[in-house]
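Next up: a single chain in structure tokens, the form predicted alone.
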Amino acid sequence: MVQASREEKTRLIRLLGVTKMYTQPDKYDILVLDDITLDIYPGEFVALLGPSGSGKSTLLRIITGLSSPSFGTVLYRDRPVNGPNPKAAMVFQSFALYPWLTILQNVELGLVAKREDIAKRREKSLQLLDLIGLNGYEDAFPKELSGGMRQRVGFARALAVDPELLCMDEPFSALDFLTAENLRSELLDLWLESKIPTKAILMVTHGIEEAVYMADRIVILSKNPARIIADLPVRLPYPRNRKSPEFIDLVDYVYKVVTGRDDDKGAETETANATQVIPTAERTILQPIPYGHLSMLSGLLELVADRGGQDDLYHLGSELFLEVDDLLPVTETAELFHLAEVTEGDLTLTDLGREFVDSDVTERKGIIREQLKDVPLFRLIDRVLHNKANHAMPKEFFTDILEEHFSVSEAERQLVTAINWGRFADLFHYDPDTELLYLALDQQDPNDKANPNAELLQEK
């Protein structure tokens, strides 16, 4: 698509200091978006990139008027957005088709809402179905179509209302690789050849390669809370060759930005932000733990060790068929345990990491156990279980504590991860039937005189 300079164009979207918070029952606010300022111009294909939970979908809903910011302003062609924006349309990740309606009826939905004449809306919907390759499926129902065909219906439904701004929320993530690849190429063709009325496209994605392949601009968000950390132009010509050195270099650079740290912030500030909580008064906060699977962590470290102790994250992700969302929790876990460091998109084993790779399972458990002693959540669990007379505590007790610091779903995820790590490292046991965390005899302190098993432990 031929683009004029920004100075010659009127902005479609302007975000000024957009902030979004969700108030919890305990009066604390979870900060999701923090001071987002962003302009989107006609002729732009913008990819919104960031880790899972970084607020990308929330920002998309605010831009389309489906959600309101807590603070800040959203302008569409310099006019405030108050409610759903009729000039914007959304394509969802989960297709979101009505199963009791035919394909044609699903496409017509937006036109029905606009009270368009029956004959006109039917003619327009049939033209769109033909355009996206679904001619002949007008009377079929969604259950009769494959995932790729259903997503085509989602595109046709969005385009039927002639949106100036087409918003897409991870539109290809629910599709198999080949179907997604075909649909990406077809959408790009429609966009670049101006076969659709859309003036600009905004796509939420967590796929770095997808962003570089499709967009001419990539906006990168940080996590907890979301802030814009980079706004990168993509100057590669279409069609883009994924194997070209320029493409690979740009993907590698974006990986470095996404996995990098903001050096202007101290570790203390970074930790506070990572809790997603804005306290109304001073209080202790728990540092969240990443969701890395320890089996995947071991395999990743072994793979990097075989390559001399250092490897590029982009290449690792490509080889393992992992998106950055899947790889980051594992690398963050490696850093938390001081087994590896991530710098400029490269994962490098530490001395402890090399020792971990060379160790057997029992020794690896000991290394993880020692590292967990410095993690606040595990210090809490360890202190509670050792101080309790029977050395056992219901899972619900820890869930209630975590919900003071995180959302309900996040508290559950944190505790499930902690239980998996703690059991692996033999810090404590967990009974899924009774939902009790407890210490076995060999995990209790033999020097604790208050422990009814102290004498037995000392004998052992």
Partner chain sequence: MSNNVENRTGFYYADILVGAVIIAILSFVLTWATHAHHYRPETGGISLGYAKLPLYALYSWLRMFFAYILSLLFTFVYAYLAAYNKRAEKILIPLLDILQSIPVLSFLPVVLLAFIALFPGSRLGVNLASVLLIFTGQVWNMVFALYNGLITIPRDLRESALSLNLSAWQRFRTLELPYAMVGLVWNSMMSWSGGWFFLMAAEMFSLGNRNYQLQGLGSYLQTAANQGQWDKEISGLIVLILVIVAMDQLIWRPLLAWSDKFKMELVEGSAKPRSAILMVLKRSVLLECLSQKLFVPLTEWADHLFGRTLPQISHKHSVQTVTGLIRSLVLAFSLIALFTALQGALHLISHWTWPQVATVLLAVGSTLLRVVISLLISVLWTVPVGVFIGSNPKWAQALTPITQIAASVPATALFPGLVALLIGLQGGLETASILLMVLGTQWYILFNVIAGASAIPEDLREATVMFRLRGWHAWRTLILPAIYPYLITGLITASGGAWNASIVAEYVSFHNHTYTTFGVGSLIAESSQKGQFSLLLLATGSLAVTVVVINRLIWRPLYNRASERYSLS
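Numbering follows the first chain given and starts at 1. Because the structure is a prediction, the values reported are computed rather than measured.
There is another form of the same protein, the form predicted together with its partner chain; it is not shown, and what comes next is about it.
- From the list 324 to 332, 301 to 309, 339 to 347, 113 to 121, the contact stretch for its partner chain in the predicted bound form under a 4.5 Å heavy atom rule is 113 to 121.
- Contact check for 170, 214 and 351: none of the three has a heavy atom within 4.5 Å of its partner chain in the predicted bound form.
- Though the partner is left out of this view, residue 363 does not reach within 4.5 Å of its partner chain in the predicted bound form, counting heavy atoms only.
- With a 4.5 Å cutoff on heavy atoms, residue 150 counts as touching its partner chain in the predicted bound form.
- At the 4.5 Å threshold, heavy atoms of residue 96 reach its partner chain in the predicted bound form.
- Though the partner is left out of this view, residue 191 does not reach within 4.5 Å of its partner chain in the predicted bound form, counting heavy atoms only.
- Site annotation in the predicted bound form: the residue of 84, 239, 233, 136 reaching within 4.5 Å of its partner chain with a heavy atom is 84.
- For the options 254, 90, 221, 289, the residue carrying a heavy atom within 4.5 angstroms of its partner chain in the predicted bound form is 90.
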